[in-house]
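The data below hold one chain only, encoded as structure tokens and taken in the form predicted on its own.
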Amino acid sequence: MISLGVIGECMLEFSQHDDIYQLGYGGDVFNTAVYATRLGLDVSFFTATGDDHYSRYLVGAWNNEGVNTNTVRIIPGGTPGLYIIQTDDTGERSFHYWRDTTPFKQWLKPGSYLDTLPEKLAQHQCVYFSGISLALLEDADRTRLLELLADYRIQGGLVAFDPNYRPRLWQNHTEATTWIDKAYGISNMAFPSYDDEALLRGETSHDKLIQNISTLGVLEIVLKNGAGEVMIFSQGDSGKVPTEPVHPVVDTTAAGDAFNGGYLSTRLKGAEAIASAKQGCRTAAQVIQHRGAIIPA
């Protein structure tokens, strides 16, 4: 079976249903992991969590989803981060976060876990991470992560990256641009979103955004644009894939993450980029018809 490793955070989630808040879980790369698993990939979650009741709840939930948790680092005394989703009448969402002490910030601290990490990464055909994964780490750990992934790529591994730019997680625009560009520089494949890239670069041309990313060394670029067409640039070839119309849209949480899971689940099995994007669009269309990041299986 094709194996995928994902690097990042998963938090407790509260989503509102009328006047009741329902407990769930989610996080950008974890959401991708779940949908890739459901679509037939063998997925391992490289993360850190605590050892309290709710940390154990999360690990149990990850196992129930079929995501491999042998790559999870346990931080004694740690407790999970938390976010609450609010949605408007069109399904557009806003988030409120409590993640300052998230255990993932300690994921790459020295220890036996870090010593065995290169070997564990090497067991996967592809490793996927995001700009949020980077933003949550300190500079030294960001450098360590990119060095690990650069070595993994040199050894023949496929590195996939979604910049998922969230300004509130960075000290300033310059810091975000610097680290996101470094991540592009060690990645084979990238899943930028148009709105994020336009905000980050101050550029509104789709073609120029793709060109700028390609000059950093990315071989395959999949530019998402909300309900608009997905633009693909792969080894010099380009194409466009329309998204699937959905009505009503209930909650757009994890739409991009679900697309990435659908895309990777198909692409890593050998399908062409266009067919993979179509699967990504189908997956996202299913997800936005439900509340929360992880929809019922």
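All of these numbers come straight from a predicted model, not from anything done at the bench. The first residue of the shown sequence is 1; numbering continues from there.
Just so you know, the form predicted together with a small molecule exists too; it's not on screen, but the next bit is about it.
- Judged by heavy atoms within 4.5 Å of the small molecule in the model of the complex, the contact stretch among the candidates 44 to 52, 268 to 276, 31 to 39, 255 to 263 is 255 to 263.
- Contact check for T243: a heavy atom falls within 4.5 Å of the small molecule in the model of the complex.
- Residue contact with the small molecule in the model of the complex: S193 places a heavy atom within 4.5 Å of it.
- Residue contact check for L216: none of its heavy atoms lie within 4.5 Å of the small molecule in the model of the complex.
- Heavy atoms of V59 never reach within 4.5 Å of the small molecule in the model of the complex, leaving it off the interface.
- For the residues P118, G226, G185, P167, the 4.5 Å heavy atom test against the small molecule in the model of the complex is passed only by G226.
- Using a 4.5 Å heavy atom cutoff, none of L146, A176 and I180 lies near the small molecule in the model of the complex.
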